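Below sits a lone chain in structure tokens, taken as the form predicted alone.
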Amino acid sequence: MKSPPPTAGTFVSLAIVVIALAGLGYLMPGLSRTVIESFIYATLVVGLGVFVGNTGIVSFGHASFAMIGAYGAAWFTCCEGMRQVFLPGLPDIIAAINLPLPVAALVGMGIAAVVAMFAGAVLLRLNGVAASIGLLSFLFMVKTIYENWDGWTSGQSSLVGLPMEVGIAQAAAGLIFVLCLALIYQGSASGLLVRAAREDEVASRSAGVRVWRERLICFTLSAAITALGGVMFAHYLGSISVVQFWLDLTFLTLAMLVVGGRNTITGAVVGALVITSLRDGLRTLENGVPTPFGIAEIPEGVQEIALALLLLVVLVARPRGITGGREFNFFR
């Protein structure tokens, strides 16, 4: 049998892994929380990786798109019948519309993509560290706006009443969907051009590559993917607040990307799975686990120490991440 092309082979291989993990979550209910959170974080990290891996620019601002997507979807799904009680600033036309979660998720992705298009038109004229700082400034700006936009976001309070419709199947479907988008882009002409600019921007410009335009396309797609992760996160918990999409999420997703391998889609998925599993296991030990010899527990804060040590080990021993800069492919 003829092997599929590399991009298709990677997609099929990763989809099989996701489906297998989803099946494991159904067979072992005690693992369902870890599986769902792994899929949601993997979606967020894939969105981040599409931009960082293809452009080489480290982004400290992608959590803002998760926030924009989550609230954009919540405007059409939360607290049916009492929406204007919690969000008094919503226009009547929006408050009257109730959308199923998949449609609302697409709306949230669309809002994030439009914002990214306008923000990226300015920010992506910068390069390297300047672009990274600009993206961090963008995150600060979005956080400040959403914290003070009381009529649309409940300000610094949590917005409750979101339908908790994201389970194992929905999280797996969302992750497979974004893997398809990311890998199609990676194999496209635009993906090739933006990676060429990553390797040698001067040579790319001299060859006629419109670097700013290609980076903007990449940035917009990555923002939409990250927004879907925010939507799933919100509708898994059933509530959202601005602080959930702040620096903790920013640095956690960056750590996942670095641990897995920032230049591959496989690395984004592997990093999210490894770190989410590690954090969940350590969280369980922090809460105490009964044993025949008593309660086994570890001090609080070990999660952060373990994550820092893992990150240091990977940076020293495998600078290209666990995947070594290679995509996973059963058919190779």
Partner chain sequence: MNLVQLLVDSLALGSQYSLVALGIGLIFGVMRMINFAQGDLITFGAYMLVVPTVSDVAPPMIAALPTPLLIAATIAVVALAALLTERLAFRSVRRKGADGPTLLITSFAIGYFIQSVILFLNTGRPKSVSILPELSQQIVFAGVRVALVDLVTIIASLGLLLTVGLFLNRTRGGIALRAAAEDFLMARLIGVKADRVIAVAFLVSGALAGAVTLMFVAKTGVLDFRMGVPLAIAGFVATVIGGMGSLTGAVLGGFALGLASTLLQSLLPPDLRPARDAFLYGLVILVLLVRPQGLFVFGPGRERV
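Residue numbers count along the first chain shown, from 1. Everything quoted here is computed from the prediction, not taken from an experiment.
Unshown form predicted in complex with its partner chain; subsequent notes refer to it.
Novice: Given the stretches 74-82, 88-96, 127-135, 220-228, which is the single one in contact with its partner chain in the model of the complex, using a heavy atom cutoff of 4.5 Å?
Specialist: That would be stretch 127-135.
Novice: Only one of S241, Q170, S204, T250 comes within 4.5 Å of its partner chain in the model of the complex by heavy atoms, so just point that one out.
Specialist: None of the other options qualify; the answer is T250.
Novice: With the partner left out here, check for me: in the model of the complex, does some heavy atom of A189 sit within 4.5 Å of its partner chain?
Specialist: The answer is no: A189 has no heavy atom within 4.5 Å of its partner chain.
Novice: At 4.5 Å between heavy atoms, is L254 in contact with its partner chain in the model of the complex?
Specialist: Judged by the heavy-atom cut-off of 4.5 Å, L254 is in contact with its partner chain in the model of the complex.
Novice: Using the partner position in the model of the complex, report whether M164 sits within 4.5 Å of its partner chain, counting heavy atoms only.
Specialist: No, M164 stays farther than 4.5 Å from its partner chain in the model of the complex.
Novice: Is F177 close enough to its partner chain in the model of the complex to count, meaning some heavy atom within 4.5 Å?
Specialist: Taking the distances in the model of the complex, the answer for F177 is no, it never comes within 4.5 Å of its partner chain.
Novice: Each of I184, A197 and V209 having a non-hydrogen atom within 4.5 Å of its partner chain in the model of the complex: is that the case here?
Specialist: The answer is no: none of the three residues contacts the partner (heavy atom, 4.5 Å cut-off).
Novice: Listed by sequence position, which residues of 138-171 have a non-hydrogen atom within 4.5 angstroms of its partner chain in the model of the complex?
Specialist: Going through 138-171 in order - heavy atoms within 4.5 Å of its partner chain in the model of the complex - the hits are F138, F140, M141, T144, I145, N148.
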